[in-house]
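Let's start with one chain on its own, the form predicted on its own, as structure tokens.
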Amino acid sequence: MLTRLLSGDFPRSRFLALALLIVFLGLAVAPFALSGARPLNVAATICVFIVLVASYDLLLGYTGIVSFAHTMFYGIGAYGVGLSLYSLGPSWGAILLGLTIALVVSLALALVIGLFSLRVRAIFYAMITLAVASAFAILASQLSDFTGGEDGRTFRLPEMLTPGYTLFEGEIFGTSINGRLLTYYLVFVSAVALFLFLLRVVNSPFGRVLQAIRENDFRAEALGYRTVVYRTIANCLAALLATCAGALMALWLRYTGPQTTLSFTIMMDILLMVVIGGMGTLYGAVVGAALFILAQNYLQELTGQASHALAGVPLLANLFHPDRWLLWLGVLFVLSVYFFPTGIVGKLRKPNP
């Protein structure tokens, strides 16, 4: 059963298996083990970004495509669901309609970008995707009557997903089973299902061809594989999964806007997560997303505590000042690249000499 779920792609490392188990169990029990809104928001964000980063790894790690348009598809998913709920009201039909439209738009754009751009190589394709993504972000900001502009749109969810909804009276492990918890598990279960789907894709014959194209596209072409077709399909699959991730984030936040889904900063974060976790592994998306988002949310507090503990040493106290947490995030990234050049998962999977 486990072999089928993981598509035969086991961690192949005790430490990696333990890390993945910790992340999975931590996310599965987060609403019951953690109190407060912030930890639950961090857990939901990790779930969404695991899907987003894994879908990007399908492009970068498995196919060798460098794209800067991934956040565009992420934003299309968020705006599709958000604007549908805003316009039609809080209903499951509005969610389904918005997601369907978003998936169709993403598929069309990914297909066009793939067919017209994947024939060019490396940096030229990356620049084309960057231009398209930038144009889409500007368009979302300028069409304020429709998208809400820079302020974005807030919307209501179906009653079952609202915090005021209670599935039944009483509590489980001290936690009320309300709409917010149901929304979290909708995000969690969807993220697990999408990740397992991606595992199946990369471990299928199609996935093996993508890896062959990454290693040597001329040889793959010589063997009879139409590399442009395979790259275009991979681009479309990655776009559709990023769209689903955006829709999940919109449902969780009950808001969509350019800064939360279309920002170029998010694209850089995705790249960092892929590199930290390990390209071409998928499991790297789990490890990279969990570590990076935890650092983003809690590193400032840790540096603040360190600064307070070192109050007697002014130089060190200033160095660990909470306002300098981004400096330490950068240091951690440099150290991870130095000690884990193939990513954390790549290092853990490397056989011992």
Partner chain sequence: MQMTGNSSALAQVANREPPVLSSEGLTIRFGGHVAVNNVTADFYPGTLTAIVGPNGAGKTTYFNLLSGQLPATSGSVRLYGEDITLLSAPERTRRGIGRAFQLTNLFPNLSVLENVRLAVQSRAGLGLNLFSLWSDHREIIEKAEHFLHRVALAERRHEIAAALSHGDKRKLEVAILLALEPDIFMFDEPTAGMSVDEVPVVLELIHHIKAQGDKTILLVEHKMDVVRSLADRIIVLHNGYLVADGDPAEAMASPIVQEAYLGVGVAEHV
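Positions refer to the first chain, counted from 1. Computed from a predicted structure; not experimentally measured.
Below, we turn to the form predicted together with its partner chain, even though it does not appear here.
For the three residues 204, 222 and 226, a heavy atom within 4.5 Å of its partner chain turns up in the predicted complex in every case.
For the options 136, 86, 230, 184, the one in contact with its partner chain in the predicted complex, meaning a heavy atom within 4.5 Å, is 230.
Think of it this way: in the predicted complex, its partner chain has a heavy atom of just one of 267, 99, 237, 161 within 4.5 Å, and the residue is 237. Looking at 276-284, 204-212, 257-265, 74-82, the stretch with residues near its partner chain in the predicted complex, meaning non-hydrogen atoms within 4.5 angstroms, turns out to be 204-212. Contact annotation for residue 124: none of its heavy atoms lies within 4.5 Å of its partner chain in the predicted complex. Using a 4.5 Å cutoff between non-hydrogen atoms, residue 197 counts as a contact of its partner chain in the predicted complex.
Although the partner is absent from this view, residue 218 contacts its partner chain in the predicted complex, with a non-hydrogen atom inside 4.5 angstroms.
Along 1-18, a non-hydrogen atom within 4.5 Å of its partner chain in the predicted complex is carried by 4, 7, 8, in order along the sequence.
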